[in-house]
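The chain below stands alone and is given in structure tokens; this is the form predicted alone.
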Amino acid sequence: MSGLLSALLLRRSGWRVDVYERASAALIGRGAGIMTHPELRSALSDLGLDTTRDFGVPIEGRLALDAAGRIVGRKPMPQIATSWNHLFAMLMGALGHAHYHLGKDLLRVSQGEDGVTAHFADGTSHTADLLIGADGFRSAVRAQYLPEAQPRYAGYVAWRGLADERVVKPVLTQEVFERLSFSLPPGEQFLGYPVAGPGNDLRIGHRSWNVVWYRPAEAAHEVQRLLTDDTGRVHEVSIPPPLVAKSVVEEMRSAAARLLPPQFRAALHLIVEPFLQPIYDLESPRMAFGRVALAGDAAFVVRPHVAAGVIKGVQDAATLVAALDEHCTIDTGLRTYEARRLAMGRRYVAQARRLGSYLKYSFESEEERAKAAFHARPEQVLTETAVLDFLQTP
């Protein structure tokens, strides 16, 4: 997302831009739901993309359910939920395929006074005036310039998945399906909300229900077990959705039967291919290196509670382009970009940590336990909008 957004904004500013994608196949069918905010829609509108219709599913508010399935909290909070696939398709449609190159696994970057060169695993290279490392939390660009900056496991994982509206309709009331609905087992958090169905289908009865379930998992052994597929191979950092071991999925479903409200446990059982996502933090001490810049998750990885991954990418891209427009040299422009974005990246990470502070089974102090209990209250979870609140704080 950050790479496409940066490319579109740079091109609008007069740059000639090519995007080099590590994956060898089109990035479709990836990700799940995305909660949007006015900042995102405004940025997309500035790029000429229409977010006034068919952009996502309107959600009027939030609900909290207790373990028995009773509604114990309500909060009006209008938002629009879209899907990763739909947003990606919008950006790709604006960029076009002529300057989008698949199968380009970056090996290293070299640079000098006259340009910067990306060297790829297929033996090709490309030289340009500027290189933006928007290659995600496992960034090859960051690994070269900041090898010490590594993602830090947050202590819990997220189970995610999508269910067809027609499939879950018998087990979810309309009110629960159409709201951002929470359940708060001790030390955990479950939420579900509607998103567009396959093909960005927004018709009632054809949408999907997006699920996220945060569960603590011990780092040394438990996460390794969760990332081990049925062949015994241990996957580093994350595991592709189809490879999650059947026994791990069954354990998750058994836990749902013990911990979740009946509506949620029944709906979760209907998700055909739930997938597992360990949660990480990452803070880069720098974002600019001569003619090279980091953007998006390559620079700062923010836990999903803030619902701001794409917004952060939008802001990085817009700030980068503005800084380059202001200065006559790329080096100066990138240093200005870094100065403007480092503090905000740290604030995103800090806010997400705060919102996830209660996702633990045990605590190191009574003060930590008290803070966690405060953030775990249904009224607090329903109220915290994360992005808009903390971005307004100086």
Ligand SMILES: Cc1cc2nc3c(=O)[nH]c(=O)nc-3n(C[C@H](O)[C@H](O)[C@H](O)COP(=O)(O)OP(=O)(O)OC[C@H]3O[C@@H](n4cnc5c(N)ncnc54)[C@H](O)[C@@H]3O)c2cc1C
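When you see a residue number, it is the position in the sequence shown, counting from 1. Given the structure is predicted, the values throughout are model-derived calculations rather than measurements.
The following text describes the form predicted together with this ligand, which does not appear among the structures shown.
Proximity to this ligand in the predicted bound form, taken as a non-hydrogen atom within 4.5 angstroms, holds for one residue of Leu63, Leu44, Val57, Met35, which is Met35.
Only one of Thr319, Thr117, Gln277, Gln150 comes within 4.5 Å of this ligand in the predicted bound form through a heavy atom, and that residue is Gln277. Contact check at 4.5 Å (heavy atoms) against this ligand in the predicted bound form: none of Ala89, Asp201 and Ser208 pass. Contact with this ligand in the predicted bound form, defined as any heavy atom within 4.5 Å, is confined among 264-272, 69-77, 99-107, 250-258 to 99-107. In the predicted bound form, this ligand stays beyond 4.5 Å of every heavy atom belonging to Arg225. Contact annotation: Arg22 falls within 4.5 Å of this ligand in the predicted bound form, judged by heavy atom distances. This ligand is not shown here, but in the predicted bound form it comes within 4.5 Å of a heavy atom of Gly296. Heavy atoms of Val310 reach within 4.5 Å of this ligand in the predicted bound form, making it an interface residue. Contact annotation for 140-159: residues with any non-hydrogen atom within 4.5 angstroms of this ligand in the predicted bound form are Ala140, Ala158, listed in sequence order.
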